[in-house]
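In the block that follows, a single chain appears as structure tokens, in the form predicted alone.
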């Protein structure tokens, strides 16, 4: 059985989303995780995941191993105590710890492939709930946005503890993603922001309110087919992310380079302190903006159309 899951980017609202404000995220189909599950003639659950240099049997993994955790949690959920003899192959083109939802995508694809193989398919809702539980183990207090947008593979307007709202753009728009190449573990930046928020709640709540307005306005512009107006909102959102200390010199350099190369707007995307930034571009200038980002230090670029 095979299953795939896309990457994702947050367009607006990262960090504020942890504090019950809305955020917008979209799938990125240019990168994905592919999982294949098949019968094995060896005893146990054998995992081959070259992107994290994992080649071994489930019971030999540390108890907190991300991939092992997904499999064990799923078996527990399905009431499977005697593990089947299977081979699990995981391939991914999503950079790890780069804000593109690599961990959630592995979990979604793995759960779907395993449940299909075991003839026990789960609804999107159940997959989403399970992956969120796994995200909590690795990220502390995750927003829930990664698992949601990747499970449903649609643009998502997300607020914590509120019903999921998927939406459709009124017309397609193009985003260039620039990767700093610096790993950006979400757990650390989320934890740092929480410490700062505890020290100065009034200031941070005010910033999060501003970001919430940006996210709400952005959804309206996307749905009504006016994505070219998102650039200014991106620039404002990036300023607020700088104020809460989650940008970095490398991200700021790429954001400025994109704007100078003709992007309509640019901001970091995800946890920050590394990982990715995104730039809104006219399709005709996508390649030149991507080139400018690589010249400014981006380790890789991805051009994606949101539709």
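Quick caveat: nothing in here was measured; it's all calculated off a predicted structure. Residue numbers count along the first chain shown, from 1.
One more form of this protein exists, namely the form predicted together with a small molecule; it is left out here, but the text below deals with it.
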If you check in the model of the complex, is residue 145 within 4.5 Å of the small molecule, heavy atoms only? yes
So in the model of the complex, is the small molecule close enough to residue 275 to count as touching (4.5 Å, heavy atoms)? no
Does residue 151 make contact with the small molecule in the model of the complex, using a 4.5 Å heavy atom cut-off? no
At the 4.5 Å heavy atom threshold, is residue 18 in contact with the small molecule in the model of the complex? yes
Exactly one stretch in 184-192, 218-226, 166-174, 71-79 has heavy atoms within 4.5 Å of the small molecule in the model of the complex; which is it? 184-192
